[in-house]
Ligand SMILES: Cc1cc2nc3c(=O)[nH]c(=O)nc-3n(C[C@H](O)[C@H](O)[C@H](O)COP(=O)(O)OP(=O)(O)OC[C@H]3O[C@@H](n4cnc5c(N)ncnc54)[C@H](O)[C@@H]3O)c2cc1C
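Form predicted alone, single chain, as structure tokens, below.
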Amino acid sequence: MQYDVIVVGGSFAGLSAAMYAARGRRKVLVIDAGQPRNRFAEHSHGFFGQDGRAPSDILEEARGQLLAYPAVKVIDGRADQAAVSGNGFEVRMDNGEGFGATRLVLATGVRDILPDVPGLTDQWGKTVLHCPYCHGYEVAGGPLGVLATGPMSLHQAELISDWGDVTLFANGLFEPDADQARALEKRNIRFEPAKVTEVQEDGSGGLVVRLDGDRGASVRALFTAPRNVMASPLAEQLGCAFNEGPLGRAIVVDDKQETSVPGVYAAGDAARLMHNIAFAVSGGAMAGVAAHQSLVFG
């Protein structure tokens, strides 16, 4: 079946892109694997007009509003192949079903690769967090931790010290040099070099960070900056260019969210190095508008 625009990814960026293409009265297909990155979080914060709502509730409402447009179809499933086909693109599902479109929007997201620390995965999105703007306000004012994933975690600790009393757990990865030590001291950040052996719930909504030597430190929340990998192979299959960031790759896009492959747009966490819902929605809106305008003027 042929569409004007196929959007791969039905989370915040993808639904936003599809909405704008639909409002351009185009035939739109959204393919959604149902694995939004923030599915582990009970509440979303900092998204204008939706502060404190469950991410799943926001997405359910947005999908319902999108489906009110008669030229939109949403299917649940995973797209695992994409290729240039004639004057457009072919997308094939993991069940073998295929769809064609003149324009393609990749809103496929990223996966987080957490440090290999027992207990960390169980608390991801609850008391183990990545973004202070998304979650910092709710845990502010008490002891906070930063679990290092590399030297860039020094910068993360400096930032998060604006929300509380921070300990940087280096997890045996590095020692600060003289300049870094002075920067930590300036922000009153404690440096703990020992390896982190486990994180445990403390029974009162916080965490105990267990350290080598049978020591422990209590924190209200533990921030970390996991490495990211593409959640989908489609951009690479299509030959899109990537930028290398400190935590992983991002699809290269221009100011209209178009990738290095003409007719392919990308938005959301897969297409930028700084991540949150508001940025994803904004990028998706631009991708949807630009894809529509390219059909008119291209």
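These figures come from a predicted structure and were not determined experimentally. A residue's number is simply how far along the shown sequence it sits, counting from 1.
If you look for the form predicted together with the named molecule, you will not find it shown, but the lines that follow are about it.
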query	finding
Contact assignment for the named molecule in the predicted complex, among A231, C240, A250, L29, heavy atom within 4.5 Å	A231
Interface stretch in the predicted complex with the named molecule - options 171-179, 200-208, 151-159, 132-140, non-hydrogen atom within 4.5 Å	132-140
Heavy atom of Q35 within 4.5 Å of the named molecule in the predicted complex	yes
4.5 Å heavy atom contact, V146 and the named molecule in the predicted complex	no
4.5 Å heavy atom contact, G288 and the named molecule in the predicted complex	no
Heavy atom of H43 within 4.5 Å of the named molecule in the predicted complex	yes
All of G100, K256 and G283 with a heavy atom within 4.5 Å of the named molecule in the predicted complex	no
Within 4.5 Å of the named molecule in the predicted complex: residues from 1-24 (heavy atom criterion)	V8, G9, G10, S11, F12, A13, G14
